[in-house]
Structure formats: structure tokens, C-alpha cells
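Take a look at this one chain, the form predicted alone, written out in C-alpha cells.
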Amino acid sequence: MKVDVQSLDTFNQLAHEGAQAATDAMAQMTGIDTHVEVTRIMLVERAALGEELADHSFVGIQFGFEGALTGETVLVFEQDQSAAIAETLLGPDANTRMAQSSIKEVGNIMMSGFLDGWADFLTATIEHDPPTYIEGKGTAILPEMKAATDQVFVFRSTIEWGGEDVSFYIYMLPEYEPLAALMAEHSLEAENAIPVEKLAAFNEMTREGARQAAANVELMSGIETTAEVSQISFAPIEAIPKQFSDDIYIGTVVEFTGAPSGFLLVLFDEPSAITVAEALMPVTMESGELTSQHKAAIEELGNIITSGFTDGWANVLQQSIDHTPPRVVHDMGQAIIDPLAAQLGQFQRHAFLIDSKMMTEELAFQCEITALPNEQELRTALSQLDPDRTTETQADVEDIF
């Protein structure tokens, strides 16, 4: 079963328009402007689903749907924001029961519009159950995935409510096989189509590459390090910077060449950068401020992580992948990614975003690894990928150090 970039774009746009229909319904009910901040298709491990929700408390609705597509949909927002919605709809005297009822009503209208857009496009019927009010912390708010595979497609939209500090998250969780079949059915570029199974295999390869990078960090620092979360996202190239926050990061950027080529970012938030850099220094720093010594340590660490990651890819793909010396960056996330996306945008309209994370229990730090490969070269690499080699990422340590 195969899927091409055009069909991915079609379904991504469809999800975006569905989310827009949901926001229009919200605006009509409340009189408050809403807009869809970002929509993307993700291929993610079931165990990593919803990791961006962290340990925050959420409320929302959930319902199942079936027909042309079968699966679950949830619309959630942070629990401490629910008072703003209830007050907007019911006034300042709304009690808890009334607030829950209003959330169900809002969610039902929004999500009905979301699914109706899909049904209209597919010229098919998609029925859904009555909404269920849900509460939970982090990923516990999401339904269990009843899937035969370890990888699932997720459509995630973020909606901003104008004038209020409320962000909605829509997760559409269709069953893998029906969605893959629909994508293949709407494939318009057969010669450039990517086998869905190879996308899943590449995701597994990325996870193994992150693990190899974590092993390199542990060997270098003596700090036990683990790799978590691996997912492939697809979005229009102009939407890529919106995937990043306005938080300040410090890290490294390299350009890699081979099959595929592109950019690899290793980013730490500022406290994490200081923590991990000082763990690598031979002397204790007296100040908690970011210094040139910290940046030098981050540069070295970025090089080690990058080498482990790209060497892992090269071993699996049996291709040579080289990279430039790491360039230290220190800026807002969107400001770091924007010029890279613009450079890729000279040659492609869409982008695959490959994300992994590394962390340790010994120190309070977390590292985000993001790859932005050239779309055409990624397709070429995937066409040559042997799924049986996805775990063969072990690199020669002497080649890294």
C-alpha cells in the first residue's frame, strides 16, 4: 500500500479545513474569533501519542466514528481554561455541572463540523457516537488505540481562541488500515508514491538513530541517557516554523548531505543547556549564566549527537551521509527554524519533520532532535530502504570520537 505527497497534502488540507469548520462553529456560538494555528499529519508510535500534552490536566469530549473512516476523535483544552469557556457561554454564575454541559455542547458542535467536512470530501457517510465528557492528565486524556500496528496516523490541529488564553487540541485517531487505503485511493503520483510500511520503517529507524545518539552522549559524559519519542510529521513548508514555540533554545544546526540531505537541529532550552554543558566541563562554574564555555560544550555535544544520529541512518540505508560542522544557535524556536524552512521552500512545497527527544533521570535536561530532510531525496531513500535493517544503526565509536 502506497501514499504520495499529493495525497498527504490533500488529507492534511482536509484536516485543516475540518478544524476551521470547528472553529467557525465555536465563533458562531460565542462571538469570539478563533483560528486554526496549525494542522499536521503525524505517524507516531502508539506509546508516544500525545507526548506534547506533558502532565497538564485537560477536559474535553471524546466520541467514536465509523463509516468511510473508523476511529476516535477527541477535543481537549487545559482544565484551568474551562472557566473562561463556561463564563462566555453561561455567564459568571455557571456551576460545575452547567460548565461540563456547555463543554459537551461546544465540543459536539465543533467536532460534528469537523467530521462532516471529511464526509463531504469523501462523498461518504461518517457516523459518530454522542460525545462523552472527559477529564484527565497528560496522555491519559486520549483514548486507547485499537490498532494492529505499533505506528498510528494522527491528525492534530491546534486552535487559538482570540482574546482568551485558551488553546484547543483536536486529535483525530483513525484506524491505520482504512486511512492508508483511502490515502492510496487518492494517490495522484504513482511514480513518486511511498509505501506506507516504509514510512513506518523509517520511523523505527529514526528511533534507533536517536537511541544511538543517546548512547554516544552516555559514552562521552558518563550520564545515563535515554531516547524517547519518534514521529514523522507532514505539513506545508510555510507551516513548519509554527511547529516550534517562541521559547528560547540553544543548540546546534548542521546541514547533512547524502541520501537524504537536509538539516538536523539539536536544541536545549536554556536551563537544560547550562545543566548538561556543566556536566561535561572539567571544572565547576560559579555562575548560572550561559557563557562561551557552555556554548563550546553544547557545540561538542551537538556534534556527538548529530554523528550518532546520521551514522545510524547511514548504516541502515547503506549510504554515506556527511554533515557540516555544527553551528551554535541561540534564539526563539521559530526564529531558528524559519530560515531553514525558507531554504527548503525554494525546492519543495511540503516538508517531512522528524522528531525525537533525549533525556536523563540523573540531570534535569531534555534535548529535542529535529530533522528536516529534502522531500525528493527522502522519497528516494525510502524507496531503497530495507525494512529488515531498521535496527542496524550501530556505528563504530572510533569513527565518532
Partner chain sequence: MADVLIADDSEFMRNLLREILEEDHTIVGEAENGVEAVEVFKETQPDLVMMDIVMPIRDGIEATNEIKTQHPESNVIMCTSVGQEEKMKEAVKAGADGYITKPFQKPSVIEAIQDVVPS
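Positions refer to the first chain, counted from 1. As the structure is a prediction and not an experimental result, all values here were calculated from the model.
As for the form predicted together with the partner chain, it is not shown, yet the points below apply to it.
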Handout entry: One stretch from 310-318, 134-142, 210-218, 108-116 that, in the predicted bound form, holds residues within 4.5 Å of the partner chain by heavy atom
Key = 108-116
Exercise for the section: Verify the contact flag for S101: yes if a non-hydrogen atom of it lies within 4.5 Å of a non-hydrogen atom of the partner chain in the predicted bound form, no if not. Expected result: yes
Exercise for the section: Look up in the predicted bound form whether E185 has a non-hydrogen atom within 4.5 angstroms of the partner chain, and give yes or no. Expected result: no
Problem - Contact label in the predicted bound form: D322 to the partner chain, heavy atom within 4.5 Å - result: no
Exercise for the section: Spell out, yes or no, whether the shortest heavy atom distance between A279 and the partner chain in the predicted bound form is within 4.5 Å. Expected result: no
Handout entry: Heavy atom within 4.5 Å of the partner chain in the predicted bound form - residue from D120, E177, E299, E204
Key = D120
Problem - Heavy atom distance at most 4.5 Å to the partner chain in the predicted bound form, all of Q28, R97 and T125 - result: yes
